[in-house]
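Read on for two forms of one protein chain; each stands alone as structure tokens, with the labels structure 1 and structure 2.
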Structure 1
């Protein structure tokens, strides 16, 4: 491996590529790790590939330790398999499809449930051969409508995907726990600041799922976590604890219709009535599997459509269109639960039922009702947890305070149950010769995304600061002036010595000015640096830690000891 920069394909950039919005994309491009081919599609250059390979190596070690077996499945998958699971029609333009020369339909694999289930179906049919966990590290294809954030949301990316097959639910729970624990070891070793969070199983069904989130302000997902216990859930899933606030029961007022010309939003209502947002009912009309539903939450809360979907165990939940509103006698901007047609179902978040003297839309343009009393003026068909958790809410586990953070999803573990095995006939004969569908789990890690997440978490204004365990090299060895024999010779001597000691050394032997070399070294972010400069004649070199900036002049004979000491400290940060 050419570890000399004069030979290495390592084009660093001073300027930021225009399409790079976030720091990891900017730094990965500028440091010569990646180059964009087209939107959402990237080449990993030698420096970036070395980091990818280190992350993959850690993943392999932990997956093998957990008893999973590595395979490699095809990216090209016949449409027939996706028709068996009815996903051929379920997915839209995100699923990359192609025809072969015989005009047969194929997909470029975005994931491999169909392929792996057909593989196991055709090769295992007895409980004696289960449980089994198969995994691969492979390129996935998803035609994102708007690729962004560099490799974080790319159209082609590297995923480790694993699939477990068990004979019982308890077996699946064990497989899931094994993967959950392996993921904690993996992300710890990769040096990420991460949280496992409870997530919603979403379209792929199955019960129980966790996402592994790398904390980052550019993360697309919001995490609700407790400041006192390890509860954490993504916003879709986080459970809300309902605390019935004691309302000083005022005398009951009769319902009143109020003219509110052009007053639609909660903010406008607050201004118009001079009351807090918690005095109003927010009503939103949804299409839930074809049924028109009005969901009610308190004015200072947000409706969570995933929770609404789960309340009805529905497949599709969309906002009702204006046409549908009119067809059901509802008026956009003035929707309310009072006197609605019996074709409309009214459901409400827990907090609504004991609101008093509230104000809601009158289902008539420019009118609201005041002094509304739920249960007297309108009926609630279903009540449940329908709102997004908010910062300051109580932790559903320990009563602590809920805080928000943003995260980048770098891992996701699912209990699939028989969702795929039943449809595809992946069955086994149990001890009594009875045929049963295998119980599956699936487990993904975004390898390329984890690299970008690491850069998001580990950089400063000068560039990347690699954690030791995934750094492309360990030592950046920089002779300041390669035309100076003493400096060049000493650097070559150290190069051999450090490599023989087991360090991965990148030698900057370019005939560049010192400033250029140091700027590039800061950008590339190799953890430890040895500079051979003006004191080479006295066998003195400068050693520097990229992360802290601490530097020390040392005699060459003391360098190895120093590097062993510092590397041990840096390794300890990833354990």
Structure 2
């Protein structure tokens, strides 16, 4: 590929594309890295492709170092494999389905647990060939309901996915630790400010998982972390420490039905009764694998539907519709746990069971019950941690204070166990000739998402500021006036010298004004810049660091030493 800008396909934009909501999407489009084909589907231009290759190379090096082996699996997968694991229906509408000319069902792979399990079960049957870890870097497909934020939430994206197969749980623990440590090295080398957090496995399944979150204000995920220890978890997963609150109430009040016309929300109830939000029970109706469940939390808390799903070990949890509520004798806006049908199961966050003299819906329009006492006025089938953690809550590990941050998920590691191997018959014979299911792990990195996360973390008002390790080029060499023979000749001399020294150099040989060149250079964000200008006759050039703005005039003979020194500093930032 040519490294001269006159020959490079690099269409920069002065205006921000209308669909670009966040800075990474704006800058990746404006700098000529990507172009949208349709919503959530992008072409990577030469500049963007170079960055992707840099990230992929780092991933390959660290995966190989950890003992994983690279393969390439088909993107198109037969429905039969997904039906074996029961994910054909459970995965939901994000699964892109299609039929071939013979009307057979296929999917465009969003992930490859089924395919890799099928591959290994058909080719390995003895403990002697285990453990093994296989990975690939491939385009994936998910029919996102709302593609947004450029390549951060796209329908087509590039991912590294790896799968480990072990004979014991201890072996899985070691494979998991190897991948966990490899991921820390990868994201450090990519130059991201990241944090591993405990997370929920979601549609992948399994027990034991961490997300690697690139910290960013535009992140779609909330991270709960401790101000005193290393505990960090996704909001879906963060554990809540329950502490019973002592009450001074000595006299038990009788249940009372109160008219509350048009009063539905917690905010409205607080105003109507003149009590704090913690004096109310919030009830929400869900379908949990087909059964109607009323989940209860305190009025100042929010229900966590992932924790509800895990309480039942369910496949699908959805909100109940108004029609379903009516069919079970419930009224939207006034749902409560008292006098409900035997067909409705009532579960509660652990904080609810010790509440006294509280208020809840009466399952009748415009009415609530007051002086409610759980256990006396209604029964709870199950209790557990069902709410979102809040800032200021106690850390479940050390007792410190919980704080919040936002993050972009760039990696995820899972302990799958035997979820897939058991269903698909991926078994091996142990030392005693006994047949056992393989014990699996799964490990993903969003390659294209990591690129966007880097832009979110590394930019200023003028454009991108690439970390050295994933920059499309190391040095941007800019002769101010290519029609000037002295500038052009010195630039060509430096171009050859710097390339021979091992630097990747982009030469801006365009017959553009200096202002245009400098604006494009800031936008593209190459780490080091060498400007050949009015002092070319004296063999003097300007060297500039994109990140700090530090600039220095140097004789051409001193340039290489200066660039070696600065590049070493920039490399050290990613170690």
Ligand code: 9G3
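Numbering follows the first chain given and starts at 1. For the two forms, the rigid core is made up of the largest set of C-alpha atoms that agree within 1.5 Å on superposition. Source: prediction; values computed, not measured.
By the stated condition, namely the form predicted on its own, the second structure is the one that fits. Taking the rigid core as fixed, one finds a CA shift for residue 337 of 2 Å or more between structures 1 and 2. After superposition on the rigid core, the Cα atom of residue 112 is displaced by less than 2 Å between structures 1 and 2. The Cα position of residue 326 differs by 2 Å or more between structures 1 and 2 after fitting on the rigid core. Here the two forms are laid over each other by their core, and the C-alpha of residue 266 is off by 3.4 Å between structures 1 and 2. Taking the core as reference, the C-alpha deviation of residue 382 between structures 1 and 2 is 4.2 Å.
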